[in-house]
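The chain below stands alone and is given in structure tokens; this is the form predicted alone.
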């Protein structure tokens, strides 16, 4: 007889191999980290003697589940912000908190917390993409799980890199250090097409090809992403990333909700694996991925939970059930994605989608010993009908729960025995998690009290302040102003023509602040729109001081590029009111008597307020402010404006004065 380390006996063995062999009673022989043999109990007992024989008591022995897409450190942000659109959730809450708190220690703790949940719910392998991914890898190896751990790369500053070159360099060094590890496959993850540049997509693909490792990314998750891609690149997401050579690598694409038949064939041609995330797509209202069409076409589709902050759990049994039910509902066909197919997606097909089916995903000789033991005797899974073996798949997918998992083995090592963890101290980790929750709560509570804090939190705000001299007057006739501007007494540095659409947000808890969302259209000499700029401006206190002739000294505004939609800012800032103003603006930058000013000639068309002329100049001292206030008055007079028609309010304050 052949000697082996461990022999699992008295089991219902679901192999999930190509022919879906089931052995009852069955046995599995394990040697070191791999499977030695799988078959009937009588056959294996006649061939092998083992140091450890485990009586499985009639339970199911099957491959461990594979979570094809997640962000495990985000266990520390579970429940942080819910019931929001994806862009508001991600840009307004997740990323600001990540910039503030994510560190190697944060990532290590969050990963271990997730590993507990994954082990308890029968997962033996997962695919992760996050920051400080080497620390994710360390914690995962410490817990004993198998994983593809991919270092995220994106165009924005991130918790572990100010520039994408740093992330890419870290990814290279990390891959070099970890390639060949028995549990961890190091990888790279360009976050998504809309958070990466073309250069990032190409460089990440080249890196993955160079080291022959998988590449993880998000593709076609939302309808808005698709629309943005069409507007910015003239094509949908899938052909766009193909053009950037992304598919040269072994890609696993999370979501793929908004793909058509042609794009599915493109993914198939390039052997792209897909990670379907039913709970996340439902919760964030991203849509329904055409999973049935993908599988019918021959794509390898795995199942993922997404991160614990967007699901909010890591329960693959729940994901399997949803994956099957949603596919049936959206196709109006109860026969699509049957239970056997669903379990395949969560095991061997998931391994294929991650390009690691040579290692794991089924119980076959020479594959790694990654398996779970599942008890189907509880009331919610009783009775069992035995007339056909397919009933077992339905029991697992439609009736079993994660709490039915009793034992978990990865790489030949037990991570859970009789529902007791063997590698992680759960109680201590839970205490540390609660400490983080208190700190993050305090940060968000303080942030919510200030519009400026919320503006700074989403990034890009210019936080430095100066002061600004403003003098403005109503105008009945613009011709004297245009004549004065063209006189030799003014030196024109440059001239611009804009059409401006302003949406002002007002807030109940602030009598002095407005947040303005501006769409600036640059009008060229032919009267055509040559460029469009979007900006956010926080208008602070209207008056710091005043001078003769109602020249106003005010703080200059905090300005940030408006990189998101008006709808995003509306949902993120939650204003109590909105006011819309439209105007046509001619702007000159000029020198008047040795002092630099801007002259704005505005026609306010919505609401119809007529014409205004405005002079402005930046200042940094009171003496300079006094000088420029006097010069501003002289400039207004030179332009032909009447000083008895000067106004001190911004347009929004003229329309909607705050008491």
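Just so it is clear, the structure is predicted and the values come from calculations on it, not from any experiment. Positions refer to the first chain, counted from 1.
Not on display, but discussed next: the form predicted together with a further copy of the same chain.
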Want to guess which of 392-400, 468-476, 144-152, 264-272 is within 4.5 Å of a further copy of the same chain in the predicted bound form, heavy atoms only?
392-400
I'd like to know whether residue 211 contacts a further copy of the same chain in the predicted bound form, with contact meaning heavy atoms within 4.5 angstroms.
no
Quick one: does residue 491 come within 4.5 Å of a further copy of the same chain in the predicted bound form, counting heavy atoms only?
no
With a cut-off of 4.5 Å between heavy atoms, is residue 384 one of the residues that contacts a further copy of the same chain in the predicted bound form?
yes
Could you tell me if residue 279 has a non-hydrogen atom within 4.5 Å of a further copy of the same chain in the predicted bound form?
yes
Which of these residues, 362, 205, 140, 311, gets a heavy atom within 4.5 Å of a further copy of the same chain in the predicted bound form?
311
Single option in 294, 481, 322, 200 placed near a further copy of the same chain in the predicted bound form, where near means a heavy atom within 4.5 Å
322
Which of the residues spanning 432-446 lie within 4.5 Å of a further copy of the same chain in the predicted bound form, based on heavy atoms?
433, 434, 437, 438, 440, 441, 444, 445
